[in-house]
Structure formats: C-alpha cells, structure tokens
Ligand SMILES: N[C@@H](CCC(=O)N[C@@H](CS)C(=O)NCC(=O)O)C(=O)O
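Consider the single chain below, provided in structure tokens and representing the form predicted on its own.
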Amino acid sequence: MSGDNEYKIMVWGVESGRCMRVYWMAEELSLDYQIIPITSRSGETLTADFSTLNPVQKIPVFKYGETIISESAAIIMYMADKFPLPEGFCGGKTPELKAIISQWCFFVMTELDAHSLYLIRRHDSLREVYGEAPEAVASAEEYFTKQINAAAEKMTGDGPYIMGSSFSIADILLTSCLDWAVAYQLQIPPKMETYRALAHDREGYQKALKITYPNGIPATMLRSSK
C-alpha cells in the first residue's frame, strides 16, 4: 500500500462500509494499492475528474490498469477472478461453485443491503436528505429480521463460513451487512453473531478496518436515537 503512482491498483474512498469491502478483499489477497481518501457527501465525488471515473458519483471505485469498476460487490468479484487466491479462499473454479457464491452475493446485496439496511439509512440517519419515513423504516427492520434469520437457517455447511471451511467474497459482503445491522441496533441470530465474530478475527478484516476508518468509526454511521 502506498501513495506512489507506481502501483497499478487504485481505490477511491474511505469512511464507508462499502469501501471497506474492497480493502478487506485487497488485504486478503495481499495486494499493493494506492488509496485516494475521498468521502461521500463531501463534494469530492462530484468533481469532474471523479465523475469521469464514475458518473454515478459514488465510492468505492477501483482501477487496475485501464479497468475501472464501481459497486463494491462487482469490484470484489472482479478481484476474485483476476488475482491469485490464497489458500483457504473459495473462488469460482466451476460454474456451479461460482453460481452458489454469486447467489449469496446477490442475496446479500439486494435483500439485506439495498432493500433493508440502506432504506433504513436513507430515512433515519440521512432523513434530513431523503425525508423521514418511520413506517418504511419499521418495515425494513422487519424485513431484515426475516431475511437474516432465513440466511442463518441456510448456512448449514460443514464449516464456519458460507462455503463451509473456505472463506469467500460472500463472507465479506455478509459480514459488512451484519456490522451495519449491529450498528443500527438490529437483532441478529446467535449463529450470525458467532459467524461475525469469527470473520472479525481475520487479519484482513482488522487491517481493512484501520484503513477504512483511520480515526475510528464515526458517530454518523450509527442510527439516531428514537
């Protein structure tokens, strides 16, 4: 990791759980990369230069050579396909295996992230921007609870991770959403609490946490009190 331009990998974004997914993956793969520490809602994503990288004007953005990718799930999927995976990391060696990993990734990103947690964030901690909607927040909380319990029931493999004994990008996405839910004081099943604690013990997670939040997890990540 360095600020020098010699590195082919560049990552835009800090102070965001979605950015942390990228740093966690990079640390699992022991990659060298340059960090461009811009943040959301700071005006830094609205510049002409950044808009050229990502017209949607959101972080994270990942650049490797001439390849530019946004959306955290897409980025770590690309990384899993592009770079050598360490021992104990499960990749899509067969279409069937890749489909199972993708199935979990899409579930996390739609059912937990977009349909539940981000809706809560928009209409609770960011209600000054998007408007207050207590009924929508309550519905999202209920939906998250239903889906995270369903996910816990589905995790019946022969190991501690989603794919059994091997870690995968699906674990990065799921753990990030569990962190988000706990910050919002949502209940998660005991099985998911154990799973989350195990993921937190990984060296890649610990390194990514410090990279993403160099000054500590900010209060703005937490929900307002009701």
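Values in this document were obtained by computation on a predicted structure and should not be read as measured data. Throughout, we count residues from 1 along the sequence that is shown.
Just so you know, the form predicted together with the ligand exists too; it's not on screen, but the next bit is about it.
Asker: Choose from 25-33, 156-164, 41-49, 189-197 the stretch whose residues reach within 4.5 Å of the ligand in the model of the complex, heavy atoms counted.
Answerer: Checking each option against the 4.5 Å cut-off leaves 41-49.
Asker: Ok, L97, A152, A133, M109: which has a heavy atom sitting within 4.5 Å of the ligand in the model of the complex?
Answerer: Only one option qualifies, and that one is M109.
Asker: Does any heavy atom of K58 come within 4.5 Å of a heavy atom of the ligand in the model of the complex?
Answerer: Within the cut-off, so yes.
Asker: Evaluate T212 for contact with the ligand in the model of the complex, applying a 4.5 angstroms cut-off between non-hydrogen atoms, and reply yes or no.
Answerer: The answer is no: T212 has no heavy atom within 4.5 Å of the ligand.
Asker: Can you tell me whether Y118 touches the ligand? I mean in the model of the complex, with a 4.5 angstroms heavy atom cut-off.
Answerer: Looking in the model of the complex, residue contacts with the ligand include Y118, since a heavy atom lies within 4.5 Å.
Asker: Pull the contact list for 11-42: residues with a heavy atom within 4.5 Å of the ligand in the model of the complex, in sequence order.
Answerer: Those in contact are S16, R18, R21, S40, R41.
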